[in-house]
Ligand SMILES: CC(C)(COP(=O)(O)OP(=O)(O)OC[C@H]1O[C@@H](n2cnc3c(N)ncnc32)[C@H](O)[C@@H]1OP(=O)(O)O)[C@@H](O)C(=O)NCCC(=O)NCCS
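So this first bit is one chain, no partners, the form predicted on its own, shown in structure tokens.
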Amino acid sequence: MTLSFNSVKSEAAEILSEIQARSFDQNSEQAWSAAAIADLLHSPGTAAVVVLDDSDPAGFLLSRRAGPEAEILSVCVLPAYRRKAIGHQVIRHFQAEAKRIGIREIFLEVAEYNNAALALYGKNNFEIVGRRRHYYGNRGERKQDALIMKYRVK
């Protein structure tokens, strides 16, 4: 496996949407349309990095910058590429880029019962700093709290 990290713009919205849809449960409200992703990528400070295995997309990280802070909006890894440290590597890549451009803190939100994501973010030195009650959940499901996590760029 040879990974590369490529910055992409709104023209990649369709592939990002497809990766995200394949990364989440099909009934999930977490998957965004290509139009929603394109709109995000047109907004100031928003950027995406696609992880390629050779030339095949394996995942992506979508973020937004505001002054000295950044927020990870979404990290997706296709099921076939999971448990190969791709999520870890794309977050480390983002952390290094954040340091290079002067970001001091990176925030994200994660569902409280998403143990795989919590382990990934913990491994990358994110700490829980807050909670949003009843933030995640599909219609008719019990809502889950979102944990707010922060990484202090060193």
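Quantities reported herein were computed from a predicted structural model and do not represent experimental measurements. One rule holds for the numbers: they count along the sequence shown, beginning at 1.
The same protein also has a form predicted together with the ligand, omitted here; what follows describes it.
Visitor: Does every residue of 92, 95 and 103 put a non-hydrogen atom within 4.5 angstroms of the ligand in the model of the complex?
Guide: The answer is no; none of 92, 95 and 103 reaches the ligand.
Visitor: Mind telling me which stretch in 95-103, 111-119, 34-42, 48-56 gets its heavy atoms within 4.5 Å of the ligand in the model of the complex?
Guide: Careful reading of the contacts points to 111-119.
Visitor: Examine residue 10 and determine whether its closest non-hydrogen atom to the ligand in the model of the complex is within 4.5 angstroms.
Guide: It does not: once the ligand is placed as it appears in the model of the complex, residue 10 has no heavy atom within 4.5 Å of it.
Visitor: Considering only heavy atoms, tell me if residue 23 and the ligand come within 4.5 Å of each other in the model of the complex.
Guide: Looking in the model of the complex, residue contacts with the ligand include residue 23, since a heavy atom lies within 4.5 Å.
Visitor: Check whether residue 85 has any heavy atom within 4.5 Å of a heavy atom of the ligand in the model of the complex, and answer yes or no.
Guide: Yes.
Visitor: For the stretch 37-75, I need every residue with any heavy atom inside 4.5 Å of the ligand in the model of the complex, listed N to C.
Guide: The stretch 37-75, when checked against the ligand in the model of the complex, contributes 74, 75 at the 4.5 Å heavy-atom cut-off.
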